[in-house]
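As structure tokens, the next two blocks hold two forms of the same chain, structure 1 and structure 2.
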Structure 1
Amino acid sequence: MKRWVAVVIAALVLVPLVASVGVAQAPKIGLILATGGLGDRSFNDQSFKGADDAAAVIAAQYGVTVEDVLDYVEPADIAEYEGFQLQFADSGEYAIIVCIGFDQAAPLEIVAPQYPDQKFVIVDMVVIGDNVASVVTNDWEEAFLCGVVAGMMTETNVVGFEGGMEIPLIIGFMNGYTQGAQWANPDVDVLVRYVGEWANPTLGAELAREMYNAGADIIYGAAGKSHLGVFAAAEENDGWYALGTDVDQAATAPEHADVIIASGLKRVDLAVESEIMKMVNGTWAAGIFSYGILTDFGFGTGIAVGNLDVNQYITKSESEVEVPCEVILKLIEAANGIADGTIVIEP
């Protein structure tokens, strides 16, 4: 009986000890998602996947669970960013803190200098600092590839673009898309609408319907959750199609796989994972890092289309829309052109 008690006590004392030893060694990742949180089937979910993938590698390496390595928060509004950034940084527990979304830049500019030894990563915006790595992507490249698909597949020679807001980031998407469409089909016209909100699918659908009725048969866009409205509108009529953004939305929104021909890819997951692994490998550095086809990394943008992985830019999609072979060939030509500089996109 006494021995039994001793064993229990020993277990109670030792288990947390062992666990804490394990935790202390593994580098921890802090992830501050953009407002909107998980479940957007796009930006936040992708960023989380990248951090989660990196955390899995670290966890396996140190023999701990993924939960021990990755802590994340979903701020409810912009005003919460600074508080969370402070909370993560001040705890001193994290080897790296990843901030997702351009609107975290302003608070990070205040927080980062106060914690010079803390490594920060910000995605989608540039913050200058000795301890901040700013991750940006050549969004216009994915838009260009989508433009190629739209230009090739339109039957009306009119395609549409729906932006969340008329800001440089989204204008870059629009320019890439327009140039891609016209590169593949010089006769195409591009209609453009801005929702003015990132999370209003109803209004998004209304504006999409308007463009469809004006003759567009394929609509691409960059409008956050508002873009889900484009898919809903496309369902309303045969011959109306849409293109997804940043992730394979035929997979994340399978109910719309019948209207989503293809999706531009912004490989935030790869970028986030890459930054975290640079930290693990000891090669992490502050500065601005562009991810994309025409970059040092050589990855970061692409398109999900067709039913097989062609290369690191053109990957398979869950779309149910059949895409002719010549479209894929044209896309390979476009991606190679972007990579070797023969195609120059004006964002």
Structure 2
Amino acid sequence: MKRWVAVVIAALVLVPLVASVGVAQAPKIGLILATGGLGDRSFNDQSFKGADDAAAVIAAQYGVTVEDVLDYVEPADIAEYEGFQLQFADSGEYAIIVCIGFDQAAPLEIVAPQYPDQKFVIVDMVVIGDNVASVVTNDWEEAFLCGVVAGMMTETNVVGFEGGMEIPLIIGFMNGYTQGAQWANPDVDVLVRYVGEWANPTLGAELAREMYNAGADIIYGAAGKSHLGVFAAAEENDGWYALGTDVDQAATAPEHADVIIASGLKRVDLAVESEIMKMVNGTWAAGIFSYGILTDFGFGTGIAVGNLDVNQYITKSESEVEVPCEVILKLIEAANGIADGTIVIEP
């Protein structure tokens, strides 16, 4: 098990210190990342950032180190999830256990009922339980906005999508991207490939080359560490470009800022941070919490593109690719349409 930084933002209410009792013990967080681990410069890294940012505040409040607050693990295979969930819960050390990724749902449905007093969070899937908070995101919204960019900026009228696995979650990305591209450009065709795993950038590059050689000039990756291969492949030809996902990947992968036009945004860091903050402040509750443009929260998805912050959904990117003003105007129209319900995305 590895230890790292973590825990909460905002005003935290500390337990009063009593001389006879001594210093109150800082609440601890257990973080179980998705397979693929850290270094994907996207979903896992963003999830870790949320726990890390939160943990830094807790550490400062209690006068301890971040390592004292946050423990995290990087499972190499989905078969390890249940064991880590059990290990964290059985220790009794953690005020909250955060499980990252849709495929942690099945083991959590087994583990959570065994520890009714343990607070769990799962990201990207729903698990019903009195001690589980399920965080989901309208991923298709960020994908739609990326599709708008691809549809408007393609010069071949062929674009591509590379997903990690052909599962409902990633199919939602693909559908949103396709609908966005065709909303902006009815003449565009969308090629689709699935890597079948989350941490194989070599295969990701190979599949990207297939699509580029078949006529695609822009490919959107939603495959974790695997779609880092899309960026590498795009570097091989002056006419090939890419779109990142979940974070501004022109910033997290700056060596590819010359080919990453834009990136979809999924603020899973804020969602993770928020759940930890609620635990600390005593407002945490089980249930389903949806983030995105068209949700009660009204935020959580968007796009990093261009060199100016436009609104909460369209923010500047570290990309070195010039994006025409008409693309930004179309993105504003798209974001407004999603927000007011005039654009309906079918995930």
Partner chain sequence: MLKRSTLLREMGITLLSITLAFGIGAFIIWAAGFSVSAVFINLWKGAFGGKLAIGQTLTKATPIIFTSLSFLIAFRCGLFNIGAEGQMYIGAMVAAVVGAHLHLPIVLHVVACLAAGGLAGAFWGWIPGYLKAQRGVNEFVSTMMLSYVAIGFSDYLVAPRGPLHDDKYWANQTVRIAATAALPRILKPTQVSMALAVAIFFALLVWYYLFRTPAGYELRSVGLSPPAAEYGGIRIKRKLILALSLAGLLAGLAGSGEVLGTHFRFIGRFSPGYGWDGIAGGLIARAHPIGAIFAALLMGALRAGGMQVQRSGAAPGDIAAVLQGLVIFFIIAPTLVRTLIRWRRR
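By rigid core we mean the largest C-alpha set that fits within 1.5 Å across both forms. Start at 1 and count along the sequence of structure 1; that gives the residue numbers used here. Nothing here was measured: the structure is a model prediction, and the numbers come from that model.
Between the two isolated copies of the chain, the form predicted on its own corresponds to structure 2. Treating the chain as two rigid parts that move between structures 1 and 2, T202 and V73 fall in separate parts. Of the two rigid parts, the smaller turns 13 degrees against the larger between structures 1 and 2, judged by C-alpha superposition. At S91, the distance the Cα travels between structures 1 and 2 is 5.3 Å after the core is superposed. With both forms fitted on their core, the C-alpha atom of A55 sits 3.8 Å from where it sits in the other form; this compares the forms between structures 1 and 2.
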